[in-house]
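Given next, in structure tokens, is a single chain: the form predicted alone.
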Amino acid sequence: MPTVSHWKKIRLPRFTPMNRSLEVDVLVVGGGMTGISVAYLLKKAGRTVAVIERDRLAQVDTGSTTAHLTYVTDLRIHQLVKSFGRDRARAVWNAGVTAIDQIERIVRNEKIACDFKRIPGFLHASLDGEKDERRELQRDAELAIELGFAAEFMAEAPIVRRPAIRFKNQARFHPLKYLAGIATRIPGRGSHIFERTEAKKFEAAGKQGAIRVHANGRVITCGAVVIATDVPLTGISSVPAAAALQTKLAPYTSYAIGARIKNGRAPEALFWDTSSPYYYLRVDAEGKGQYAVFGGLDHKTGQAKDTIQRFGALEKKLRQVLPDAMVDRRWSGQVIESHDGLPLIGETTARQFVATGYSGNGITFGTLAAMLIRDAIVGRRNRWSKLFAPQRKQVHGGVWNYLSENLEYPYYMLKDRMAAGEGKSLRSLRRNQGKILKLNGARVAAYRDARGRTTLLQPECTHLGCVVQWNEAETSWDCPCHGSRFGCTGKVIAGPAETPLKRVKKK
């Protein structure tokens, strides 16, 4: 069964690696939803931009999204009000409304064929239990209406047959068709996109506040840099400042399956439940039938052994809702949670901008981040900038204690130092499998490919030294401390690590 997302069946346009030094107004590091969107908006605003992506565009978490376009946040509306107050809660959802409107406007103006459509979204009672949640859902519906949003309580939502809140005017689209459409509008007139181009070194150049970034043996000189990676790179920030930002973030791995529904009669809609972690479902029309994307069962990245089994559990749960669903692919992606449940978007040090902590609203908040950063760079006032600023103060103590979350970091450091490894011989390693082994008195991260060839790596994450864990579902090495991910041969897939795992010579 394919282990890539439903969206990756299309071919994205290709862009060459950077092979010369250049100068632009703004450098964007990262070619996912945020990076491509901010580059597009900046070029429209008259700035020259360069996007650099170390692999290919939209191949990591943007390519693994389920692309729910909703302003309804992972935090329930009553939680937002309790933590931030009514005005701020209203502002958070209004920001999401504006981001979806921005996507719709771009689709219309650029005539991008990406299956954009307005559809309803349903927040419904948990699929895992029989608890009566009608009263809580009714209160949330009433609160949403009071704050000005089109919501209504339903005694029974379609498909799931559970009490729910129906939210009008949510949306769906094909995320990679959309990004392909706007990416092709960026190059030209002094702007560029480069793939297979990795930022290696950042430095303040002193030339009227310029920044120099080294990549592919060349140098990009710019007036501002946007770090559009899930967990921000250090860039020109100090190491302590970058580490402080990273302590406000917690990477989670989420699982998804795609399934065809022959002769399906389910409404085209978005669904998500009240479970923790929650299940989410998207149903689209496709040809003469329908296609469903279903996901959930999140866990802290690098902190679960049963990754393959989670796909089977999702399939079983999906069939409870859609008995005729025929699963044809499965994949996983990363979700970044912040310390208080809202994204961190804005300037972290002079002329360097970040965008992260989107929770389950990556597509919506990625677009919002592009709008906020565009406005900051061109000097335009934006009413949401303080609400999402990375340096914001917690209101009412927040809803997520990042100190307790990061208590796991020293635990895993200590656990890793005491661990002896899973075996002492390469003979215990099956094909397409990775293990932490103790060979010749030293621990190694060992991987055997489909042909029987082995790769040995130093198992310490190149971010802060935690020992990586093998992820069977994605054939990757994942760090349990801060969520860095590496390919089976050590290549960086996702930060905060910026350098690959080091090779170990075979003896």
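Because the structure is a prediction, the values reported are computed rather than measured. We number the residues from 1 along the sequence you see.
One more form of this protein, predicted together with a small molecule, exists but is not displayed; see below.
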Original post:
Looking at the small molecule in the model of the complex, do all three of His68, Glu198 and Asn361 come within 4.5 Å of it through at least one heavy atom?
Top reply: yes
Original post:
Among Ala228, Leu342, Ala370, Ala164, which has any heavy atom within 4.5 Å of the small molecule in the model of the complex?
Top reply: Ala228
Original post:
Is there any non-hydrogen atom of Phe153 lying within 4.5 Å of the small molecule in the model of the complex?
Top reply: no
Original post:
Is Arg54 a contact residue for the small molecule in the model of the complex, using a 4.5 Å heavy atom cut-off?
Top reply: yes
Original post:
Does Gln334 reach the small molecule in the model of the complex, with heavy atoms at most 4.5 Å apart?
Top reply: yes
**OP:** Indicate whether Trp93 is a 4.5 Å heavy atom neighbour of the small molecule in the model of the complex.
**Re:** no
Original post:
Which single stretch, out of 105-113, 228-236, 317-325, 120-128, brings residue heavy atoms within 4.5 Å of the small molecule in the model of the complex?
Top reply: 228-236
